[in-house]
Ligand SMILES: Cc1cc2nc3c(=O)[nH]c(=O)nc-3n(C[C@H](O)[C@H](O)[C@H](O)COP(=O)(O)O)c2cc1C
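Presented as structure tokens, the chain that follows is alone, the form predicted alone.
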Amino acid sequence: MVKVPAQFHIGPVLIAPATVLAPMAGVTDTVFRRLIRQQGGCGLLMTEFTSSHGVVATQKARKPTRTFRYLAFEPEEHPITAQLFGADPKVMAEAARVCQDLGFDAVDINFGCPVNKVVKCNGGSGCLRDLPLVRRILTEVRKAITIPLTMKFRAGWNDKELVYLEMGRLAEECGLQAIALHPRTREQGYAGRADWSRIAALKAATKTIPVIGNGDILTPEDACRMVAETGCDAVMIGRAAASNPWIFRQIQEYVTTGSYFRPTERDRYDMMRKYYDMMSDQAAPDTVGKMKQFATYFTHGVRNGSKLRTIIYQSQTVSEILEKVDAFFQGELVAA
């Protein structure tokens, strides 16, 4: 069995094991990242993708904003990367300097987001149609910081405008320390299959920096299969981690022993309760909304999960949600 590597480097930063939590808007905040870190097995955490214009505006205003909450992190989250998006090279460079000053281990640039409101501003995957702009952004940001610079991107705008090999060359020429490819196109969104052969082609064409593979990893077996089929240096997991926060631990166990932990109903309850307790301790304005959002993810695999989701969606306060989660699982565990 070809295994997920035990480690890799992003410049001088050691990532061990070679697994990365993908940046996900509305998901990978500091609470979720710390939950992932506590489960074990994740080598590198990444923030939600963050507007470079928002970072710079907040820095100039010198007052806390929602944008800066995206960049909040705790010491136990190291190594951690800040992910930025934008299309103005100067603004991107200034935002990257702010992230370096905040103590991040690396900065990542998002050239993959397919969402319309980002793309219409030429951010995210919108930049894939303007490679000279990509070069200017990479050049300016690389000059602005001393910590490692990486980027995450899609294969291209559509199947007729594939630019992932050119993006790899740009990364090497501009002095980046790693790249991550999600091999779907912007046009695909999250539909269809992630074509891992594109990751393999990028790895074969890239000589000096690590290639991180992303897309359609749902199980530990998938992670090892991606490495076997593509030769990638590390794997990045997004949506599967939201519904299965144990996946990084499972990958580490699988490559070590050939088998892995499978959560029981009790484990699912304990994990859900832990996340909700962490959320309530944070006392953010959107705590109830976040609890409802994560109910969608965390009830995946729970017996009678649809019933639990309905109960949570109908609740109005943090205490009500906690009480109803406790009561639900108490009944389910007794029934089991």
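Remember, it's a predicted structure, so these values are computed and weren't measured experimentally. Heads up: residue numbers just count along the shown sequence, starting at 1.
As for the form predicted in complex with the named molecule, it is not shown, yet the points below apply to it.
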If we test each of R239, K143, R136, R225 for a heavy atom within 4.5 Å of the named molecule in the predicted bound form, the one that passes is R239
The one residue among D88, D105, E94, D216 placing a heavy atom within 4.5 Å of the named molecule in the predicted bound form is D216
Within 4.5 Å of the named molecule in the predicted bound form by heavy atoms, the stretch out of 270-278, 304-312, 284-292, 42-50 is 42-50
### Message
Given that the named molecule is not shown alongside this chain, does V27 nevertheless sit within 4.5 Å of it in the predicted bound form, heavy atom to heavy atom?
### Response
yes
* According to a 4.5 angstroms non-hydrogen atom cut-off, is Q83 in contact with the named molecule in the predicted bound form? -> yes
message: With a cut-off of 4.5 Å between heavy atoms, is N110 one of the residues that contacts the named molecule in the predicted bound form?
response: yes
Would you classify A18 as touching the named molecule in the predicted bound form, given a 4.5 Å non-hydrogen atom cut-off?
no
Within 179-201, the residues having any heavy atom within 4.5 Å of the named molecule in the predicted bound form are H182, Y190
